[in-house]
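Given next, in structure tokens, is a single chain: the form predicted alone.
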């Protein structure tokens, strides 16, 4: 079985690629969070794959919070547990975070893999050109092909990017992350049609419609930017996103 957190489709694409080759089923962490799920039945699972993006050189906050609070019931002792982390260029120490979360539940992370995908943090960076994006996704397929073999064979390996220093990641977590989780920077322009998609895709359930316009109700943003990237009118903005474009993985249905 595969548990997947994905906002713009990059991680979902990786999960679907691996699932098609290992014949595993995919369950959306986003949906489980929306529904308040507190336990996952792992009965009979030969593999348990956890797929999540990397934010600020760490495991995506929402995924970390969900995994920390959920119970894995009926998990076979022989189950092969692995993590796949999507990132722009560096997966930081996301694997260590997941390993610690699982260890507290008595679960050992057997393997960890990083996959570079098109970066989409548009509050700061421009999206890649169509040509560069196609090249990036083709290279990701090469990585995924290799990973699929390791996962199918249940190999205990670590195929990760070079890790930043612990001091660097500590400073990011202490001084950068708290400000990024605040929602006051989000704006909505007059192109908004009140469709409510942003409300439906927010994994933290902190977006509600008021007078047919989204309102962010708590400073616990997942920083996934699903609301921004998937808005059909590009009406939601944060930072420099109005100039930097939008991104949704072209190979998956969200």
Ligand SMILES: Cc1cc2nc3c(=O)[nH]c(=O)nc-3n(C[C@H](O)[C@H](O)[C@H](O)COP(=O)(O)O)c2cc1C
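Positions refer to the first chain, counted from 1. Everything numeric in this text was worked out from a predicted model, so none of it was measured.
The same protein also has a form predicted in complex with this ligand, omitted here; what follows describes it.
The shortest heavy atom separation between residue 150 and this ligand in the predicted bound form exceeds 4.5 Å. In the predicted bound form, this ligand lies farther than 4.5 Å from every heavy atom of residue 2.
The shortest heavy atom separation between residue 11 and this ligand in the predicted bound form is within 4.5 Å. At a distance threshold of 4.5 angstroms between non-hydrogen atoms, residue 180 is in contact with this ligand in the predicted bound form.
Figure note: of the listed segments 63-71, 41-49, 196-204, 219-227, the one touching this ligand in the predicted bound form, with heavy atoms no more than 4.5 Å away, is 219-227. With the partner omitted here, the residue from 98, 84, 81, 117 that has a non-hydrogen atom within 4.5 angstroms of this ligand in the predicted bound form is 117. Residues of 71-96 placing a heavy atom within 4.5 Å of this ligand in the predicted bound form, in sequence order: 86, 87, 88, 89, 90.
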